[in-house]
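Shown next as structure tokens: one chain only, the form predicted alone.
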Amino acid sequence: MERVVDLQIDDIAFGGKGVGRAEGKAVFVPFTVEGERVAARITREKKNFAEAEVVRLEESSPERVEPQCPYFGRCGGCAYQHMSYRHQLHWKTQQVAQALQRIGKFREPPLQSIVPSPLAYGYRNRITVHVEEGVVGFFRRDVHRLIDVERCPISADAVNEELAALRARRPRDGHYTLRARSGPRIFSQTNDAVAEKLAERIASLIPPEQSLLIDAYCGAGFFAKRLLGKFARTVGLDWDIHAIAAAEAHAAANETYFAGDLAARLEAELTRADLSLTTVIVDPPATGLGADVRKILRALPPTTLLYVSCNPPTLARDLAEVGAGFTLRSVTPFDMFPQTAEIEALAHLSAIR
């Protein structure tokens, strides 16, 4: 039997769902804003929480806006198009702070103002679409079924032109990555403008007269190549042999790149380095740093550690585990992915000598 509850939304959880309470239990409701009152249908119920869908919006927030995408709410990509961009930034900042406090146990984390994206729409320089039986698009929210997409409003015009061309070709079933520009098929940041702001912030945090930069999880050297002038020697590390090949293609004399066992190479480089003159950048996947990498950084702390994260919970975990030998100077959120629940953050740590 369908159960509908009246909820007052009083929080936004990491991942973008609004949170209300019914019968003492947290109820997660997507596409809501705190302060709203909704009638919601329970779709899944567990002992300690429930999930629901809005049946009726009884009282609307002044921060609610009209989504720019006709697929919003059905497509699994965006979580926040119903919320003003200013308010999205507010909640992303709150969610970073909450992760640092709850998971990292930082009572008063040194959180800086979030860096917004110059473009709230039209910023993505690539997307991956899927094709099944003539349907070209993205997977639906909560269901492994495709929704046909003619245009993606958060993607750049050049990407949407690629999408239109792909649709016109009537492609075979499969996955297709569409890009705003040609280049090697390797990981790169999705929002060019915010990626440049992130690189500029990193450059500003490097102390003077450093001799060695170790850029771990370096990809094709996005950070390393922008920072060459600050170091006598730069070492890039990654598991991806294709990314390392791209980084090596135009390497300067003071650049060296290694593919393979990242932890082993990191330990070898730090063991023979003057740690007081060494900066390490880590930019791991959403799973965060491996236990082996955390152990190495605890044992061999460089003078400056800059941690770029796409997942605040794993960032908070790693900062707590690495932290004894470091002072956490700042954590700055960057809105690399407007309209989505994704959050990028930069943590700046200094070794305690």
Ligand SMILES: C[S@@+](CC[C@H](N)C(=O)[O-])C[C@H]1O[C@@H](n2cnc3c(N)ncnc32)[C@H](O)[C@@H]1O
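Residues carry their position along the shown sequence, with the first being 1. Being a predicted model, the structure only gives us computed values, none of them experimental.
We do not show the form predicted in complex with the named molecule, though everything after this point is about it.
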property: Cys75, Val131, Leu111, Leu262 - the one with a heavy atom within 4.5 Å of the named molecule in the predicted complex; result: Leu262
property: Single option in Gly323, Pro30, Pro313, Pro284 placed near the named molecule in the predicted complex, where near means a heavy atom within 4.5 Å; result: Pro284
property: Region of this chain that lies against the named molecule in the predicted complex, out of 154-162, 92-100, 232-240, 264-272 [heavy atom, 4.5 Å]; result: 232-240
property: Any non-hydrogen atom of Cys218 within 4.5 angstroms of the named molecule in the predicted complex; result: yes
property: Interface membership of Phe223, the named molecule in the predicted complex, 4.5 Å heavy atom rule; result: yes
property: Gln189, heavy atom within 4.5 angstroms of the named molecule in the predicted complex; result: yes
